[in-house]
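Single chain ahead, by itself, as structure tokens, in the form predicted on its own.
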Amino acid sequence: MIRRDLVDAMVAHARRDHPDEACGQIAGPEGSDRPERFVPMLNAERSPTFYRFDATEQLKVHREMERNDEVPVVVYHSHTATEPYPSRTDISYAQEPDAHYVLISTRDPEEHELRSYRIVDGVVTEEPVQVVESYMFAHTGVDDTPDGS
């Protein structure tokens, strides 16, 4: 589950950096699995086919997250000419086993494609994306309802 404003921010970043790949993270409270704070980052490669976080910026972002008791809940980047599916390089660089890896394709100038994955030990698993206006009123499913027994 992710707020619409965060999805809009990722898509806007991807469109702004096109034709180069955009990248960044969304931090959230440790242990919550709830993306909260949008952190656009620089693509150190400035490439239409590859992204890499700038090491200095990444260290700064992770130190800030540590100070705020946050973790990278979402790691995102864009694909400018292909579908939003992790490449072999994306898979090899996935170092956050608890993160959601979101890919945004900007290959169509009118419509974006957004998909989310878990990448653990080289295994890619697509997951559904539920976009909500607010976490406060988001319904999380019938499992949250007491069964009365």
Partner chain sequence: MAITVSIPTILRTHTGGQKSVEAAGTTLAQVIDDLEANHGGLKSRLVKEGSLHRFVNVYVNDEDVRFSGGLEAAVKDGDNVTILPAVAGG
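This is a predicted model, so every value here is computed, not measured. Positions refer to the first chain, counted from 1.
Below: the form predicted in complex with the partner chain, not depicted.
* Asked: Looking at the partner chain in the predicted bound form, is some heavy atom of each of E64, S105 and H112 within 4.5 Å of it?
  -> No, none of the three is in contact.
* So in the predicted bound form, does any heavy atom of R118 sit within 4.5 Å of the partner chain? -> No.
* Check whether D98 has any heavy atom within 4.5 Å of a heavy atom of the partner chain in the predicted bound form, and answer yes or no. => Contact check for D98: yes, within 4.5 Å of the partner chain in the predicted bound form.
* To do: State yes or no: in the predicted bound form, is some non-hydrogen atom of N68 no more than 4.5 angstroms from a non-hydrogen atom of the partner chain?
  => Flag for N68 set to no.
* To do: Answer with yes or no whether A55 is in contact with the partner chain in the predicted bound form, where contact means some heavy atom within 4.5 Å.
  => Looking in the predicted bound form, residue contacts with the partner chain include A55, since a heavy atom lies within 4.5 Å.
* Partner contacts for 73-109, taking the partner chain in the predicted bound form and a 4.5 Å heavy atom cut-off -> V75, H77, H79, S87, T89, D90, S92, Y93, Q95, E96, P97, D98 sit within 4.5 Å of the partner.
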